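One chain comes next, on its own, written as C-alpha cells: the form predicted on its own.
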C-alpha cells in the first residue's frame, strides 16, 4: 500500500477512497474480498486500510480481507440516515467522516458519490495509482494466472481436437452426422472451464472471411480449407484472475495467402518475445512489430496489423501495461500477452496469442499449447 501513501503525499490528501463491489477490479485487488454489494475501501495516510461492509458481510470480510473491517453501523451510517435520508448523501457524509477532508478517488469512482462528497471534502481524481500497482504481479498472483492458463491450454487442445477429428463433407466440417459449429466448440470449451472452476465469456470461434474482423464471435457450421480463429479469455471464479490465448487452425488445404500470413504472424510473435524485457516500452515493442510486418509486405493501418501487440492480464483481461502506441515501460512481474495478427478482408485473418511474465531474463511464456496451422 506504499504507492497509495505516496500518491496521497503528492496530493496532500488525507485519504484514498474506493467504492464498488468485487466486480470492480480495483476494489477486489485492494480488499481481497468478494461481494456483489458495494463496499467502501479507504486508507488514511500512514494508517492501515479499512473496508466498510454491511453487518451481513462482516464475519466473512474478517476472514477474507487483510484490511481492517468496519460495519456500516460502526461507521455511523444509520445515525446519518436518520438525519439525511438520501443514501448517496449519507454515504458521502459517512466516508468523509472516516477518511478526511481531502480525498483521492480512482477514475471509475461513481460520479454521483463524488459529487455528493464535495459537500464535505475536496475530491481529487487519481490517475492510475491502483492500476499501476496491479500491473506488477506478486509470485502468488502469477501462480493464480498460471493455473488459469493451464486450464486454457487444456480447453484449447479439446477445441482443436474436435476440429482435427472432424470429417469434411461438401466443404463443411462434420462431427458424425451433424455439422461442427462455432457454438458447439464454445459450449464444449465452457464445460471444461466450469469443471475446473473457471468461466469464459464471449469466446471467439470465427471461420473463413469472418476471421478478417478480430472480434466477430463466429456462428454456424465451420468450413474446411478456411482459417478458424479461437480466442478465449477465461477467469477463475474463485480468484478472479484471467488468462488470454488465441490459436488459428485450419482443416484441409490452406491458400498460399493464408500460409504466408500464418508464417509471418508466427515469426512476428517469436521476434516480439525475443525483445520483451524489463525497461523496454510497450510502444517500442509494438512499433518494432509494425516495422517487421511492413518489411514483410503487410500494411498496419485499416487492414493488416490493426490492433496493439498486447496488453496486461490480471483481474481484468485488459489492463496495464499496454503493448501499443504510447505504452509505458515494462517491469519485472508484468503479466502480458504477445498477440500479433494479420487481417485481410476477403481473404481472412490469423492471430496467435500467448500469455507470459516479464522476468529479469526476458519473457516467461505461460502458454504451452502448440502453434500449428494445418491440423
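Numbering follows the first chain given and starts at 1. Because the structure is predicted, anything quoted here is derived from the model rather than measured.
From this point on, the text means the form predicted in complex with another copy of the chain, which you will not see here.
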Interface residue in the predicted bound form among 115, 158, 266, 167, criterion: non-hydrogen atom within 4.5 angstroms of another copy of the chain: 115
Within 4.5 Å of another copy of the chain in the predicted bound form, heavy atoms considered, which of 296, 154, 287, 217? 217
Is there a non-hydrogen atom of residue 79 within 4.5 angstroms of a non-hydrogen atom of another copy of the chain in the predicted bound form? no
Using heavy atoms and a 4.5 Å limit, would one call residue 34 a contact residue for another copy of the chain in the predicted bound form? yes
Please run the contact check for residue 110 against another copy of the chain in the predicted bound form: heavy atoms, 4.5 angstroms, yes or no? yes
Give a yes or no for residue 89: in the predicted bound form, does one of its heavy atoms lie within 4.5 Å of a heavy atom belonging to another copy of the chain? yes
Heavy atoms within 4.5 Å of another copy of the chain in the predicted bound form: which stretch in 253-261, 126-134, 141-149, 273-281 meets that? 126-134
Restricting to 220-259, the residues within 4.5 Å of another copy of the chain in the predicted bound form through any heavy atom are 233, 235, 237
